[in-house]
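One chain comes next, on its own, written out as structure tokens in the form predicted on its own.
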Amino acid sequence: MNYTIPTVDWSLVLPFALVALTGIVALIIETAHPKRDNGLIIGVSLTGLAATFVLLLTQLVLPPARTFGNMVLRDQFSVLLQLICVAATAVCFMFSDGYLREKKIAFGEFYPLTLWALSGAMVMVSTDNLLMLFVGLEILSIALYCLAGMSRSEARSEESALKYFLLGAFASAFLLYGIAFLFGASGSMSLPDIQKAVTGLTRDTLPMPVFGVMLVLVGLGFKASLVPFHQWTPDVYQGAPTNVTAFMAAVSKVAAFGALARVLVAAAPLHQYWFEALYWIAIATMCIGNLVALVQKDVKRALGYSSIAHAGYLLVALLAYTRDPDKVSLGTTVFYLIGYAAMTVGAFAVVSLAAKGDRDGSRYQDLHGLYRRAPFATVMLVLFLSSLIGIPPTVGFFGKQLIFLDALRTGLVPLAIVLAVNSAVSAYYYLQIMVAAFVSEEGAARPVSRKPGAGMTIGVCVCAAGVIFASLLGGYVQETTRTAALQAKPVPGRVQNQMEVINR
């Protein structure tokens, strides 16, 4: 039997390979000089991320290609999402050192672990093969389990890591079980092959792929913080170090929705079986996320529930696209992820200034006096929160506007109304955070004790540029992502009555 070794196009895997290699180099430096200044580790990490970002920019204009047995895919959709993840990680590194030293957990291993988690996220968005998707998810998750418990002196941090690990293990089991069902129904791990296989369903073969899709959606719904798989989010966001929370909120969300978009495109022939369920999940996610955030007294918990609500907004964009890809673009989802990553990472960066000693200082009253001690950071916080609300001319406003219009164009009027109402409701708790930063520090339990350093300042400026200029260049971004969306377009006729196919 002759066996030909497949040709590998290493340029397709070079971006996440470069990130993983940078993590290895950073770990070697930490091993050689433990418990010393992390400046060299940070410099190496940022250099690797910068090189990866430039490399991805050069790939943005290249045609789609596959390698590694068609398991690794490069298209504009994957490249754009990787760019978001790399940029968000770089900003997290910029403000991490001062925060970690204030908390006395300046462990050098934070940087390689984060880089490996990033490489897992990049794998997730660069494949339409379920096996490779699972590998990427586990690389991301295992590193995040360790990062969530970095603050070992805090019981809350250890609790968040344990909760995240246990619930994440259950979610991974659901995902893997669903992959097994889809493989049994189609004989392939490739999403395009699965899409073709389930198009010609019969009554006898229908339950297996439907059940498989539902289980896969449970696994990805956990990572995306969709209701009712969201219970871990506020606790883990509150207990994990703030820089880890920022990374988790941005990069993990981008990876989850990148994978979810590809799965929903492949599951288009089963549209009528999962669409209504996700329709109500989107409503519940938006409402529960915002309503529960109203009563929170901790900024990180409030932003955790805010993250849940934004997952609902993103799900509306995906539902609109899968309902009628001829009228709307997947670019709306990508554009909103760009803005979401910028405003979320920026907000957490400013909140990290309230850390003092072994405490995060994330209660509302811990922000008192911020406007006096860090006026520039306070202005940036107002900008980020305004964008999260959706106040023009920030990227949050244009992102929500695009999702709202997409929902109207595809006949999802109730989802559009729920989105608009929830955006108005969210203004209450975002304004509470703003007000807390402008309250006099007199009587505050732990006033802000640290002024922003150079890394923090550069990081929030990068996020502010994303919030402002992404909105100004919204047309260009939308057009670029529209091209990416065409490469992931569902097959025509996906909303045909499936029972007609089954009865033939």
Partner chain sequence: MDTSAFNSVWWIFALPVFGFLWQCLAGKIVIDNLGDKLGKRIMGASAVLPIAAAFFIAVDLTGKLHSMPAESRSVVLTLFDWINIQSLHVPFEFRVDALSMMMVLIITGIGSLIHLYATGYMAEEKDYPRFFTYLNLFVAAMLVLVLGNNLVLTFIGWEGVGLCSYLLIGFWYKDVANSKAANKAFIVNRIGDFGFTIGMFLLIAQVTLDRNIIGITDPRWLSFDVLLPHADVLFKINPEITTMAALALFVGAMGKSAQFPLYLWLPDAMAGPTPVSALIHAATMVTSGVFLLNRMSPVFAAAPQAGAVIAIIGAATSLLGALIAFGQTDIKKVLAFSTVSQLGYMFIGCGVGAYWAGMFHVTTHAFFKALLFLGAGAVIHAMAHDQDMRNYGGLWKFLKITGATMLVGWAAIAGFPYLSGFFSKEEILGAAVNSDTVLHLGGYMWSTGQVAGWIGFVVAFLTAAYMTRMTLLTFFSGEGRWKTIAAGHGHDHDHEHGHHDAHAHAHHHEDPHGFFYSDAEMHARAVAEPHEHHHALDSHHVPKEVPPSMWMPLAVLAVLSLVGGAWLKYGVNLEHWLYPGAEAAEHAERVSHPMLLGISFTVFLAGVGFGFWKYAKGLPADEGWDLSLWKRWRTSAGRQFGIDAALTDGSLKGGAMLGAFLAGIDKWLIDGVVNASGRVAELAGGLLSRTQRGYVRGYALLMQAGVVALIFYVIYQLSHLGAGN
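Nothing here was measured: the structure is a model prediction, and the numbers come from that model. Positions refer to the first chain, counted from 1.
Here the subject shifts to the form predicted in complex with the partner chain, a form of this protein not shown in this document.
A277: touches the partner chain in the predicted complex, heavy atom cutoff 4.5 angstroms: Close contact exists here: in the predicted complex, A277 approaches the partner chain to within 4.5 Å, heavy atoms only.
4.5 Å heavy atom contact, F376 to the partner chain in the predicted complex: Taking the distances in the predicted complex, the answer for F376 is no, it never comes within 4.5 Å of the partner chain.
Distance check, F247 to the partner chain in the predicted complex, heavy atom within 4.5 Å: Judged by the heavy-atom cut-off of 4.5 Å, F247 is well away from the partner chain in the predicted complex.
Flag L431 as yes or no: does it have a non-hydrogen atom within 4.5 angstroms of any non-hydrogen atom of the partner chain in the predicted complex? L431 lies outside the contact set for the partner chain.
Honest question, do V210, Q231 and Y305 all end up within 4.5 Å of the partner chain in the predicted complex by heavy atom distance? Yes: V210, Q231 and Y305 each sit within 4.5 Å of the partner chain in the predicted complex.
Residue stretch of 379-387, 234-242, 392-400, 347-355 approaching the partner chain in the predicted complex, non-hydrogen atom distance within 4.5 Å: Result for this chain: 234-242.
Here the chain is shown alone; which of K163, R409, R101, R372 has a heavy atom within 4.5 Å of the partner chain in the predicted complex? When the partner chain is considered in the predicted complex, the option within 4.5 Å is K163.
Can you pick the one in I417, L291, A427, L405 that has a heavy atom within 4.5 Å of the partner chain in the predicted complex? Checking each option against the partner chain in the predicted complex, the one that comes within 4.5 Å is L291.
Taking the partner chain as it sits in the predicted complex, which residues of 237-273 have a non-hydrogen atom within 4.5 Å of it? Please list them. Contacts from 237-273: P269, Q272, Y273.
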